[in-house]
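Let's start with one chain on its own, the form predicted on its own, as structure tokens.
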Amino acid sequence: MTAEDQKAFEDEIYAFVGREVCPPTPARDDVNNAMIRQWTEIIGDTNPAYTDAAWAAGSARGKTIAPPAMMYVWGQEGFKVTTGRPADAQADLVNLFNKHGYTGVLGTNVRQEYFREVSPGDNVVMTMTIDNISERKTTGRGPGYFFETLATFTNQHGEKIGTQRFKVLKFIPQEQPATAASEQALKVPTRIASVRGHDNGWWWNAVDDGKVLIQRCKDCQTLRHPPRPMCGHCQSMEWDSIESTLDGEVLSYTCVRYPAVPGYPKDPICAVIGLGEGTNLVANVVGCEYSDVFIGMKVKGKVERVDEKTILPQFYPL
């Protein structure tokens, strides 16, 4: 691409900055108790402000609220997106990048800010624009551009609830040397590695040692999972952990049949397991057929190696 071609291309992509991706769109369903309950049960968040109407009635708010992190959930389109999304500015921008060889895509960052709470009966309205596009960058993935969308959420009165910024890298994939590509093709695929950060690395390290630990607040003894820095009950930052017996019960389950993912077994059964200690864990149910699984089924967990790089807790029917 010549310098003139490069400038013409950049003039085209930068013209997208400020364009509207989604006009103000009310959620199809108002904020409601059922979805809040399901969200908090799966996440394991026991904050009474979300689901305990009696507790909330005596609080300063006088009513329950939705978890702020659900802000983006209310306007999601659901199953119909599998039939294809209508054209919009973001889709047009992605197609323009693809046309010029920037076919690689990587989500790099998401940041939410919260300004106002919502309660059952409120309606969340989302507006989205393309906020900014970077200059051409040289990255480990290949040369490319970062673009960021800005979603703004308001309630039915036009009052701002919060914002979400989502940054994506569109890049030209680097070609692999022929020998490296050949060697890579011969390797047996493994599962996607767990993301280990400051707040959860200790948990995965324990799994590597054959144990499933449950984080416990030192001040109020409340158990919580997944790991996080603050107790949702008393807001203490002090914690230790206990080891789970891995006695459990199936609370919810599904079978991931399509598409098949390299490195994973065929038709894996993924379940939410209610542990005997009182917290929930997402894990695979093995040693049985999908048709044999049912809500309330008693299971026993084992921490075992599932491929050459990965150790995970898996649950077997009793």
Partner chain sequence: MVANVKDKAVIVGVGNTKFSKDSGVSELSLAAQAVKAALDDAGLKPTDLDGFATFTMDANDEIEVARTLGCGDLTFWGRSHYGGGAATGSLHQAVMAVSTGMAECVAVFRALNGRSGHRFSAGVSEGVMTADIIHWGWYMPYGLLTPASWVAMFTQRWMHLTGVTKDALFEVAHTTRNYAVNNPNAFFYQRPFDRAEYDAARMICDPLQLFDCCQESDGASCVIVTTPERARDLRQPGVSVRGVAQAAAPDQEQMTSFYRKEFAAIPEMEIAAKNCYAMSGLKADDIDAAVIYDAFSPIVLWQMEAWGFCGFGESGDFVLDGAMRPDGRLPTNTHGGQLSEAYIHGVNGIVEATKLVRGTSLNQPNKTVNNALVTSGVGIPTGGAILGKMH
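Residue numbers count along the first chain shown, from 1. Between two forms, the rigid core is the largest collection of C-alphas that superpose within 1.5 Å. Keep in mind that what you see is a predicted model, and the values were worked out from it rather than measured.
Below: the form predicted in complex with the partner chain, not depicted.
Taken together, the three residues Tyr258, Val282 and Tyr290 all come within 4.5 Å of the partner chain in the model of the complex, as judged by their closest heavy atom.
In the model of the complex, the partner chain lies farther than 4.5 Å from every heavy atom of Ala69. Looking at Ile43, you'd find every heavy atom of it more than 4.5 angstroms from the partner chain in the model of the complex. Put simply, Pro26 is far from the partner chain in the model of the complex: not one heavy atom of it is within 4.5 Å.
With a 4.5 Å cutoff on heavy atoms, Trp204 counts as touching the partner chain in the model of the complex. Taking Ala53, Val286, Leu251, Met35 one by one, only a single residue has any non-hydrogen atom within 4.5 Å of the partner chain in the model of the complex, and it is Leu251. Exactly one listed residue, out of Gln221, Gln235, Asn109, Thr103, brings a non-hydrogen atom to within 4.5 Å of the partner chain in the model of the complex: Gln235. Shown alone, this chain has one stretch from 142-150, 193-201, 162-170, 95-103 that lies within 4.5 Å of the partner chain in the model of the complex by heavy atoms: 193-201. Contacts between stretch 223-238 and the partner chain, counted in the model of the complex as any heavy atom lying within 4.5 Å, involve His225, Pro226, Pro227, Arg228, Pro229, Met230, Cys231, Gly232, Gln235, Met237, listed in sequence order.
A displacement of less than 2 angstroms separates the C-alpha positions of Pro67 between this form and the one not shown, with the rigid core held in common. Shown in the overlay between this form and the one not shown, fitted on the rigid core, is a CA shift at Phe115 smaller than 2 Å. Taking the rigid core as fixed, one finds a CA shift for Gly162 smaller than 2 Å between this form and the one not shown. Between Thr64 and Arg224, the Cα spacing is larger in the model of the complex than in the shown form, differing by no less than 3 Å. Three angstroms is the minimum change: in the model of the complex, the CA atoms of Leu223 and Gln112 sit farther apart than in this structure, by 3 Å or more.
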